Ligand code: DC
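Just one chain follows, in the form predicted on its own, and it is written as structure tokens.
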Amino acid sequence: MTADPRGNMPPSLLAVTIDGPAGSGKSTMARLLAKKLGAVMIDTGAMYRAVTARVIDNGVDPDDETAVARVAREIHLRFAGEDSRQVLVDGEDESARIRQADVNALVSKISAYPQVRSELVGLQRKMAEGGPVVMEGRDTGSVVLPQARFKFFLVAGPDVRAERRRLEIAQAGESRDHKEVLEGITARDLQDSQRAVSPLVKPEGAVEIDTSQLDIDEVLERMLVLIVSDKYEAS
């Protein structure tokens, strides 16, 4: 089975998309859901981060969209390890590198380039051809796989998302205060929602889940119930 070039998935191929702003719980839920469904988890945000890291490390001018797009076209990306946690870039484990501060500061700019998005969307669709997949990001249900059978849009309050991200950064060995992280989250929200190509929107047909007051198990259960029952309806 193959995916249509426009992103239309064959009806028999299970594809789940999870979109939402930073800190809404996309990566955590995608990883857990993929494990439950026996699917491959594809973190599209990590792919943009990998390109950004390679741009920085190779001294590519981040203001040169054509040069950056060339990096996106030539890079070899693969997810490996338990729950697809490892991000392999040209065979090297870059999982930690792509989460560092210099990548955080530049990824919004890199991911906004139309040429870069075109290159990576094509790669993401190709990765989804084998199915089943759980794909998460900011445009997976609206642009990458618009005909996915199951689409979710996760949201949470800015303060909740900022605290989640602060804890994530702390686990990686960096120290950031809540206010600083909140400012970064707010700026990223604005950039993602206002970019000209593939802005962050709730995909048509997606079920919205506010994760602010829900724990991980509650969110996972809600998603699984909708997928395995006949009660899936867009909200």
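Residue numbers run from 1 along the displayed sequence. Nothing here was measured: the structure is a model prediction, and the numbers come from that model.
One more form of this protein should be noted, the form predicted in complex with the named molecule, which is absent from this view; the next part is about it.
Shown here without its partner, the chain carries Lys26, Arg117 and Asp139, all of which come within 4.5 Å of the named molecule in the predicted bound form through at least one heavy atom. Annotated contact segment (heavy atom within 4.5 Å of the named molecule in the predicted bound form): 103 to 111, selected among 153 to 161, 70 to 78, 103 to 111, 84 to 92. None of the heavy atoms of Arg97 is located within 4.5 Å of the named molecule in the predicted bound form. When contacts are judged by a 4.5 Å heavy atom cut-off, Arg195 counts as touching the named molecule in the predicted bound form. In the predicted bound form, at least one heavy atom of Gly45 sits within 4.5 Å of the named molecule. Mapping the unseen interface onto this chain, Arg125 falls outside it, with no heavy atom inside 4.5 Å of the named molecule in the predicted bound form.
With the partner removed from view, the residue among Arg166, Arg188, Arg31, Arg54 that has a non-hydrogen atom within 4.5 Å of the named molecule in the predicted bound form turns out to be Arg188.
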